[in-house]
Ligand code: ADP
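Read the single chain below, which is given as structure tokens and is the form predicted alone.
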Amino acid sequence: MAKKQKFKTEVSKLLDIVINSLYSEKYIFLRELISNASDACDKLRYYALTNPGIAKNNGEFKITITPNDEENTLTISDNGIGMNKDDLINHLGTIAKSGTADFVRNASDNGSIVDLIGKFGVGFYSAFMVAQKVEVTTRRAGEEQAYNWISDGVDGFEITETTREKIGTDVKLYLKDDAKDFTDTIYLRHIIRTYSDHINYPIVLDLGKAGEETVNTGSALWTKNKADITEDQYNEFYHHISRNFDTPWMRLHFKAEGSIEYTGLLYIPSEAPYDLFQPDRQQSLKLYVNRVFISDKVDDLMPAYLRFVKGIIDSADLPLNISREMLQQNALIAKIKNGTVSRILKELKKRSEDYDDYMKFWKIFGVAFKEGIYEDVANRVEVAELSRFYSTNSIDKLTSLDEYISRVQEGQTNIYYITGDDVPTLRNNPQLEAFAAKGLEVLLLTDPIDEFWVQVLTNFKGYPIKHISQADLDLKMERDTPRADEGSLKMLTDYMTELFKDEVGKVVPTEKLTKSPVSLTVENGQMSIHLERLMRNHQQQTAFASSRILEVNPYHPLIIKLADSMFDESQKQNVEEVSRLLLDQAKIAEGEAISDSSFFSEKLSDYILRGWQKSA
């Protein structure tokens, strides 16, 4: 007797969510199981290229759907790669490995579980929406032993040895009473033609005594003329290859001819995958050779910054028996990649002309896309042209670098930027005050990748790109306000330099401030405060920590008062306390943690109260 094995904890939670949630699209399970069967056939077809005997006597690849009205069961069978005992445990006893916890967490808070099923690659579990019990009989290619996996989706699963004449898999669903529709051949035929017509293998409906009927057309959609493909067919193919349920934001169907011929059918989703920024995430393209699936793990087929692109590439110029390892170094793959990326960028340029439409793409994938400015040397400028940024002159709309250049002041020779954690904080950064007073636009860069691409794209169309701390322009302005006495100001900055010797390198007067008394910056050419903080947060610290500079505004009444007080011994404590408050104020403006929050809170309250009492 087989010993029952428990589902892993997170799988059990997921199944509880799936089984006990309400669905209006229960047919989703059939599309998912057909897609799994198609994948199994793809894998065996690939392995058979280098080991022809592995599928001997297994017949033509096909997927068979067998309804049984009397037993209220539905069986989905394939003659693909099959599974062994380890496969059953790893594939049906766990989910999508790194994504399991994220799936359960998101599913618990999300009303559209169907959307999540596609994102997390757990389509098999959708069977429990309609089945009270699922039985899987399978035999892996190259092995003699077959296995039976059975579960009610609640108390775990059992695996026993069994027999199966040929390799492949049968998934038998014991349907719930309210799912009897899925034994209706008319309804099944409708679902298959609507949602799985593009599957590249015959989907055969077993009609019992009436024989078998091939329901789908079984032609690779990408090989058809675009004029012969409906929007629904395009979308359903996207759902099939991506396992997503959204409507794609962009579609690109093309045939490249010349030194190398290949066809592409590519999509950009309208929703971000959960693992977009996971380090081990791979690109999502499937590679075919003459409609034969080869691999979905050809990393060199698409650059990492376009990892969100879904779809297929099919080429007749690649050898059928090429190994995955050889594909990584194949020169033809490099040509396909370059041509495909070029087409994607051109299509994005067209779409970018509609600002509102382009923002749908940018807000989801912009952060990943900007990685291309850093990574893609050949297309660096094109990626930069397509990137969008917040700026001091563009409050409601993001701007392009070309639009920034169109607005430069007379005599302005640089593109200026500042980096930080978020736009509201950056807009109030004291270092921007003189730029605002002179009408100089500054890009507000808040994504981690921004700290890196500005190191490699140092010039855009003749305009050097510079951090505002490196601005080599005269920011001195005509002012009709008093200025601190040079002698007392020197005493103050020397005093503060000594007082803060463990926190800043030096304290200097500046002409860059108009409203704020102080600001914090770094030596020219050193790592920005924001980048150092990012590296510190990722525990990559800090052999090259920047030297802080505290800049003081000699025109600010508070600085003038402090400078004048340097000659008054009775004000010594006030000078120290206010100086410390000013340093903390500068740190807060830069998003940095202050040294002593208790001191800051207590003294700030004291000085506010004193001012209030004097004005009363």
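Numbering starts at 1 and runs along the sequence shown. Because the structure is a prediction, the values reported are computed rather than measured.
Here the subject shifts to the form predicted in complex with adenosine-5'-diphosphate (ADP), a form of this protein not shown in this document.
Comparing 404-412, 436-444, 454-462, 74-82 against adenosine-5'-diphosphate (ADP) in the predicted bound form, the single stretch with non-hydrogen atoms within 4.5 angstroms of it is 74-82. In summary, among the residues 91, 255, 483, 360, the only one with a non-hydrogen atom within 4.5 Å of adenosine-5'-diphosphate (ADP) in the predicted bound form is 91. When adenosine-5'-diphosphate (ADP) is considered in the predicted bound form, only one residue from 585, 565, 36, 64 comes within 4.5 Å through any heavy atom, namely 36. Although the partner is absent from this view, residue 124 contacts adenosine-5'-diphosphate (ADP) in the predicted bound form, with a non-hydrogen atom inside 4.5 angstroms. Interface residue remark: residue 26 is not counted as part of the site for adenosine-5'-diphosphate (ADP) in the predicted bound form, having no heavy atom within 4.5 Å.
At a distance threshold of 4.5 angstroms between non-hydrogen atoms, residue 243 is in contact with adenosine-5'-diphosphate (ADP) in the predicted bound form. Proximity of residue 40 to adenosine-5'-diphosphate (ADP) in the predicted bound form: non-hydrogen atoms within 4.5 Å are present.
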